[in-house]
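Shown below, as structure tokens, is a lone chain in the form predicted on its own; questions about how it binds or moves come after it.
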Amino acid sequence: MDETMVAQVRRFNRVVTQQVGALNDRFLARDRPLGESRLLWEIGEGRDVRSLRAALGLDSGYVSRLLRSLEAAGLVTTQRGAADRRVTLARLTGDGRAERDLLDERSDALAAELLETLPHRQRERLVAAMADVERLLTAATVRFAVTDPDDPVAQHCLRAYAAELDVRFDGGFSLDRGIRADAADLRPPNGLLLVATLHATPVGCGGLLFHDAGPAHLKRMWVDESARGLGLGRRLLEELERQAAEHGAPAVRLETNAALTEAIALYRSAGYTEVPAFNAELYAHHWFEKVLPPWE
């Protein structure tokens, strides 16, 4: 990794932690540090502790300590879920909601104070840069993993994929009518399914079908609407290409529907060339192929 880039990230982190008050044990002049205040905000109208840990990227022991402190202050209650006793639910008390409202007011004031120190043009630059950094930092937290197609996370993605195509395609879409890519096809050694997660929430997937020494066949490419604009589609595609090359495929082939204009633009910009139809996929209007460099 470039040492200059690493040093810039560290400088940025130091400036941000100081500006937002992360170094102060009394965040926004309240009697608790930033961690507890952030947890109050994340709990909102009620949330299970497991999802809190995933959203904030914190270990269970630390979250438990934060919750115990907030409970002792009368701001939060926790209880086991009625349907699943393994789930712990956290909720704000009346005092907790009032404290969160106060923190929101003071956070707004802190942000306004920061912006007021700058002339208008620099305010616009700062806000635009912050939005860009937010997108990039969010993108950096996405994780990719080869996942069994029957895993609940994978099933969520495949259902969402089919549901979106059913809305976007003229005449709808059904997995049963297209070229088969069942669980057995998307499981090694026949193929694989790659799932992208953001804070443990599934936000994208893509599958490969392997054909001995022939081109790999890309299927079930999907990115959740909430994660679009993060460059996730391209990263997912690049990771699938890497997986295909690692398995010895000389190329990747895919077919797509004319309604998926964003996907078509992505494939073309990623080096895919339109080729004659190589299968009888009912829903396809375009067929693409990309030759892969040898895997090393």
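All residue numbers refer to positions in the sequence shown, first residue = 1. Rigid core: the largest C-alpha set superposing within 1.5 Å between the two forms. Here the structure is a predicted model, which is why all the values come from computation and not from measurement.
Another form exists, predicted in complex with the DNA; not displayed. Remarks below refer to it.
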{"property": "Options 261-269, 247-255, 28-36, 231-239; stretch whose heavy atom lies within 4.5 Å of the DNA in the model of the complex", "result": "28-36"}
{"property": "Heavy atom within 4.5 Å of the DNA in the model of the complex - the one residue of 159, 177, 85, 125 that qualifies", "result": "85"}
{"property": "4.5 angstroms heavy atom contact with the DNA in the model of the complex for residue 41", "result": "no"}
{"property": "4.5 Å heavy atom contact, residue 49 to the DNA in the model of the complex", "result": "yes"}
{"property": "Touches the DNA in the model of the complex: residue 143 (any heavy atom, 4.5 Å)", "result": "no"}
{"property": "Proximity of residue 58 to the DNA in the model of the complex, heavy atoms at 4.5 Å", "result": "yes"}
{"property": "Core superposition between this form and the one not shown, C-alpha change of residue 194 at least 2 Å", "result": "no"}
{"property": "Threshold 2 Å Cα movement between this form and the one not shown for residue 148, core superposed", "result": "no"}
{"property": "Cα displacement of residue 90 between this form and the one not shown reaching 2 Å, rigid core superposed", "result": "yes"}
